[in-house]
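Just one chain follows, in the form predicted on its own, and it is written as structure tokens.
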């Protein structure tokens, strides 16, 4: 069994910190950092920290794509990316007291490049798990995830989808192994206001009846809910200083899917998911194994 992550619109995340931002004037950096970005790539990196072998795929191009490919290779993550003619995007995270993000739209993907990715999925085997994460470059159109899911289902593999809006709605009927909205995304998905835990459970159950096998809803400092079959569980969030919100949800997916693949135990998978998400929130980059293992026993799970 192999876990694959698919990142259709990866990025080099350029994180820039300044003391104070002066618009229209010269600003000098206090600190900067370049990291491989993209939700599926984040999942791959945390899976590797958990000792779970996986293969990252998607589209990479140009010097930015090369930077990501080299980084993943140095971390020992197998890459099966389609090389594209256009450059992988750069996303800017500007920290000056508060954080401002400037995200690139993404490259133009040709029909030949698209066909190459679909062809890569032909190697899937029954029991494999494919994690589909993040946004789609505008050139691919809104239904590209549906095309990927059709191939995954045809090969007898499982899939996890972490996206929003219509792409998530369309995927539900295909029976994803897991969906993981946060409470804001859940409200947005159904066009409602959610203010209580009971309402989160009500709308989380709608994702189950829609076709999802397991539903994880993250609630920041309030922990997370896990909805499966007729059962609902709550996990507490461990205490710590939040330093980074980017990648916490991806880390939660990695913790859940990786541990489920190793143990088959959904509650241990839930615990590992919350520990992994919290570990990333308490780190400058993504979670490492040491911090995940420190936090794991601190996660209290109760059935509601």
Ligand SMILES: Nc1ncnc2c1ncn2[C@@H]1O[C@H](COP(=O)(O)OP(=O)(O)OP(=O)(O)O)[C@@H](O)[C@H]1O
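Please read all numbers here as calculations on a predicted model, not as lab measurements. Numbering follows the first chain given and starts at 1.
The same protein has a further form, the form predicted together with the named molecule, not shown here; the description that follows concerns it.
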**Item:** Joint contact, 252, 274 and 281 to the named molecule in the predicted bound form, by non-hydrogen atom at 4.5 Å
**Value:** yes
**Fill in**
Checked 269, 60, 237, 50 for heavy atoms within 4.5 Å of the named molecule in the predicted bound form; positive is 237
**Fill in**
Heavy atom within 4.5 Å of the named molecule in the predicted bound form, from candidates 107, 176, 204, 223, belongs to 223
**Prompt:** Pick from 177 to 185, 190 to 198, 153 to 161, 74 to 82: which stretch has a heavy atom within 4.5 Å of the named molecule in the predicted bound form?
**Reply:** 177 to 185
**Asked** How about residue 68: is it within 4.5 Å of the named molecule in the predicted bound form, going by heavy atoms?
**Response** no
**Asked** Is the gap between residue 242 and the named molecule in the predicted bound form 4.5 Å or less for some heavy atom pair?
**Response** yes
**Request:** Decide whether residue 260 counts as a contact residue for the named molecule in the predicted bound form under a heavy atom distance cut-off of 4.5 Å.
**Result:** no
**Asked** So, in the predicted bound form, is residue 96 in contact with the named molecule at a 4.5 angstroms heavy atom limit?
**Response** no
